[in-house]
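Here you get one chain, nothing else, as structure tokens; it is the form predicted alone.
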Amino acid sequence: MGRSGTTKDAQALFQSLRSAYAATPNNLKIIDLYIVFAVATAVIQVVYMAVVGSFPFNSFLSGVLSCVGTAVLAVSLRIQVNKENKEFKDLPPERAFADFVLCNLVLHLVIMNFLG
């Protein structure tokens, strides 16, 4: 009895999320895909390390931190580019993207330095 009510609630939740996400602009959906890709790459690296081993541990850390850092910067970009966010209404999208690119360059320079 309780299970069918829970199933209906879950279906209603997923339906409302799907309809709300359908109204999301395409540029935000592309950023979302990039975030999912970065996080999935980090998860694949962690699974690979768990299965095979972590011999060059600094390489493993560099790869995972690169993926996670890129995902965090992409989330920041998504927040700044979102038109519904009133906090960054005066910030042009080009400036937000330039910040994203510059921070990614700094992040990857640090990652390359950490590799040795």
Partner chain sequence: MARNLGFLVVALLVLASSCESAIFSPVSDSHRSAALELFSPIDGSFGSLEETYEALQTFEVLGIEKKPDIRTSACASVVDTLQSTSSALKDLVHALRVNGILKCDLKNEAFRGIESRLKDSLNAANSLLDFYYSVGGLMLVKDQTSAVDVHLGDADKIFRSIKALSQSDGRWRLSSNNPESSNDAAGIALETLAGVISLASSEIDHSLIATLKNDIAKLFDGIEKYDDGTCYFDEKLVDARGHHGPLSASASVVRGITAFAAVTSESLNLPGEKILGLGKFFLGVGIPGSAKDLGSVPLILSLPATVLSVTKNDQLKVRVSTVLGSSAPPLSVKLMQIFVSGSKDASIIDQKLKFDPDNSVHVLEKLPSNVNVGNHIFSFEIVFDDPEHKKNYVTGGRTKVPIHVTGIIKIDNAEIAVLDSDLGSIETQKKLELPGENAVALSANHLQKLRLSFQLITPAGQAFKPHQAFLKLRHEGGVEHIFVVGNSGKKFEIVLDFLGLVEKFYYLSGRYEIQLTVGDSVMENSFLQPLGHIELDLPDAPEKAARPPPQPVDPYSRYGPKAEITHIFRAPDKRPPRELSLAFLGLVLLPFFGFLAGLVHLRANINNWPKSTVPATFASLFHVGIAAVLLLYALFWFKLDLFTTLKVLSLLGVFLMFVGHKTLSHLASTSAKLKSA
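None of the values given here were measured: they were computed from a predicted structure. Positions refer to the first chain, counted from 1.
What comes next is about the form predicted in complex with its partner chain, which is not displayed.
Student: Would F60 show up as a contact with its partner chain in the predicted bound form if we use heavy atoms at 4.5 Å?
Tutor: No - in the predicted bound form, heavy atoms of F60 and its partner chain never come within 4.5 Å of each other.
Student: Hey, in the predicted bound form, does E94 get a heavy atom within 4.5 angstroms of its partner chain?
Tutor: Flag for E94 set to yes.
Student: Check S4 for me: does it contact its partner chain in the predicted bound form (non-hydrogen atoms, 4.5 angstroms)?
Tutor: No, no contact at 4.5 Å.
Student: Indicate whether its partner chain has at least one heavy atom within 4.5 Å of a heavy atom of V64 in the predicted bound form.
Tutor: The answer is no: V64 has no heavy atom within 4.5 Å of its partner chain.
Student: Look at the candidate spot formed by F37, I44 and L102 and say whether its partner chain comes within 4.5 Å of a heavy atom in all three of them in the predicted bound form.
Tutor: Yes, the whole candidate spot contacts its partner chain.
Student: Relative to its partner chain in the predicted bound form, which residues of 19-34 have a heavy atom no more than 4.5 Å away?
Tutor: Residues within 4.5 Å: N26, K29, I30, L33, Y34.
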